[in-house]
Ligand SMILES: Nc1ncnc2c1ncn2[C@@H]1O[C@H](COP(=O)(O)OP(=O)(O)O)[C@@H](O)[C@H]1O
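The data below hold one chain only, encoded as structure tokens and taken in the form predicted on its own.
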């Protein structure tokens, strides 16, 4: 087995006033190199919280997260930030592109952060071609369709050759045609490049694009397939 990601007895509790909200409860999960895994469930079931825990963006209340065997709870905030920067590509529902910058510049910033200011322009062109947007390098987000914006966001996640991509509802703001394009782009990245992907979605149909489906309810994993 070649585990890239492991969650062990993972739990997250939020305190709201005098009430404890158990967002994630006792999750155990392994993701191996080259897998495409979907985590599906209704809104509010803890999927996005689980993704934030797995990506080191939030600290668990109980349990542990391991990235390539490194226990995220045993390293400093700076070391966790380095793992997020160097090993994980994030794709979100809202794209999170810089509106004042064109596509190329959005990718350049991600590359500069990871490579101490260095930019590989050929790599950027190759990744934009991979997502079918090689002719959109100079376009700003508002000059692109929503589907194109999400593909730029995927290109940004890929540009530093991450170990793992965590995609949180990447089709949530898209119509059915663009959702299809984004999902099959992710599938192609997994199939042709061996990119390891965890997809978070509330859409049962979208979840079928993955090789393995995990269902969540009330913060817990209720089925594995």
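None of these values were measured; they are calculated from a predicted model. Residue numbers count along the first chain shown, from 1.
Only in words, not in the display: the form predicted in complex with the named molecule, which the text now covers.
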Contact test in the predicted bound form: residue 194 vs the named molecule, heavy atoms, 4.5 Å: no
So in the predicted bound form, does any heavy atom of residue 60 sit within 4.5 Å of the named molecule? no
With heavy atoms only and a cut-off of 4.5 Å, decide whether residue 49 touches the named molecule in the predicted bound form. yes
Is there a heavy atom of residue 23 lying 4.5 Å or less from a heavy atom of the named molecule in the predicted bound form? yes
Going by heavy atoms within 4.5 Å, which of 182 to 190, 61 to 69, 41 to 49, 28 to 36 lines up against the named molecule in the predicted bound form? 41 to 49
